[in-house]
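Read the single chain below, which is given as C-alpha cells and is the form predicted alone.
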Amino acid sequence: MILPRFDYKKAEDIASAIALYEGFKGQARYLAGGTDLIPLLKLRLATPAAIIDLKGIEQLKTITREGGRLIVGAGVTLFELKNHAVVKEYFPALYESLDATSCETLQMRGTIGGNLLQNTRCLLYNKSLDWRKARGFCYKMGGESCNVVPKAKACFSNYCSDNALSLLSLSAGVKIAGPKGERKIKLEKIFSGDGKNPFTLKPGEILTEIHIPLKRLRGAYEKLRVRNSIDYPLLGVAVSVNNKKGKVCVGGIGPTPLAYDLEDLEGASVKELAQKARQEAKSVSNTTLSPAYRKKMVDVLTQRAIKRALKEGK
C-alpha cells in the first residue's frame, strides 16, 4: 500500500522534537522504529500532517545502571535490549518476551518505547480504508458503536505488547517529556483502559526512558499465537518472582494489561490467581481464535508461567 502525503521532520534532540510537534499544532506523530506506525499510515488509520523522526536522538538509545535501576532509553531496539547482559542475568521474563516479539529482523527495527506505545488491535479495525468504509466505521474509528459487540458504545480492541507485560511484572517506571516538562510515573499509569484511546500521555509527550529496579529475579513469559515467527500475542502472560512473592501480568486480551500480586507461591494460591485472571479477562470475537478458547488459555498459561518461573534458579 502507498503511504499518504505528510511532511517529514528529523529531530536532533527531545526538545526540538517537542517544538516540531507544537509547530504542527498537534497534527503530527512521532516515529520511532516504525513497525507499528507505518502499517497504520498505509491503512489510513493514522493521517498526520507530519511525521517527526526520533531515531537520530542519541539520548534515547542508551542503557545505563544508576541508583539501583537499569535505565533504558525508549529508542533502544528490542534486539539490543534482548542481548544486553543485565537483561539476560536479572530479568528472565523480559528476555523471553523480547525473544518472543515478532522475528529478529523486526526486533532490530522496533524500539522498546514504540512497543509499549503501540496502538490496540482488532480484526475489524486493522483493515484497509475501502474495507472499513464498506463495513461501516466502528467505535474506535468514530462510528456509533462497536462492530464486534453489537450496540456497544465501547472499544474492545486488544493491547498486544509482549514487553509491557514483563516490564509491569518487574514494577518498571517510565520517564516522559512534553511541552510542560518532564514527569516520572509507574508504567501502569500510561494505560487508560479505553481501547479507543489506550494511553494517558498528553499531546506532544514523548516516552524517553524505562526504569527497571535492578533485582535478580526468576521469571517466565508465555505467549499464545498462531504463527511463531511474526504474530502479535493473542494472549500473553508474564511472571516475575522474588523470594516468596511474585507479580503476574496478563495481556493481549482486552484494551489494557491486567496485573496481579502473588503473595503466596503455594499451589492453591496459584490456581486461585489463574482462575481470577480468567474471570476478569474480557475476550470477544476480534481475533483469529475464539473468545472461549482465549479465556480458557488465560488459566492455562498463567499457571504454566508461574510454574516455570519457580523452577528457575533452583
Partner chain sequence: MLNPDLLEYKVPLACDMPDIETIIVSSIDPEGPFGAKEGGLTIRMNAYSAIACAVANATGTVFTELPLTPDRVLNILERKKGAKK
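Numbering follows the first chain given and starts at 1. Here the structure is a predicted model, which means the values were calculated and not measured.
The protein also exists as the form predicted together with the partner chain; that form is not presented, and the subsequent description refers to it.
Can we say Tyr90, Phe199 and His211 each have a non-hydrogen atom within 4.5 Å of the partner chain in the predicted complex?
-> No: no residue has a heavy atom within 4.5 Å of the partner.
Ile185, Val226, Met108, Ala152: which sits within 4.5 Å of the partner chain in the predicted complex by any heavy atom?
-> When the partner chain is considered in the predicted complex, the option within 4.5 Å is Val226.
Heavy atom within 4.5 Å of the partner chain in the predicted complex - the one residue of Arg132, Arg121, Lys175, Lys82 that qualifies | The residue in contact is Arg121.
Tell me, please, which stretch of 93-101, 121-129, 200-208, 140-148 lies within 4.5 angstroms of the partner chain in the predicted complex when heavy atoms are compared?
-> Only one stretch passes the 4.5 Å heavy-atom test: 121-129.
Answer for Ser290 alone: is it within 4.5 Å of the partner chain in the predicted complex, judged on heavy atom distances?
-> Although the partner chain is absent here, Ser290 would touch it in the predicted complex, with heavy atoms inside 4.5 Å.
Residue contact check: Tyr232 to the partner chain in the predicted complex, 4.5 Å heavy atom | Answer yes; at least one heavy atom of Tyr232 falls within 4.5 Å of the partner chain in the predicted complex.
Contact flag, Lys10 vs the partner chain in the predicted complex, heavy atom cut 4.5 Å | Heavy-atom contact with the partner chain at 4.5 Å: absent for Lys10.
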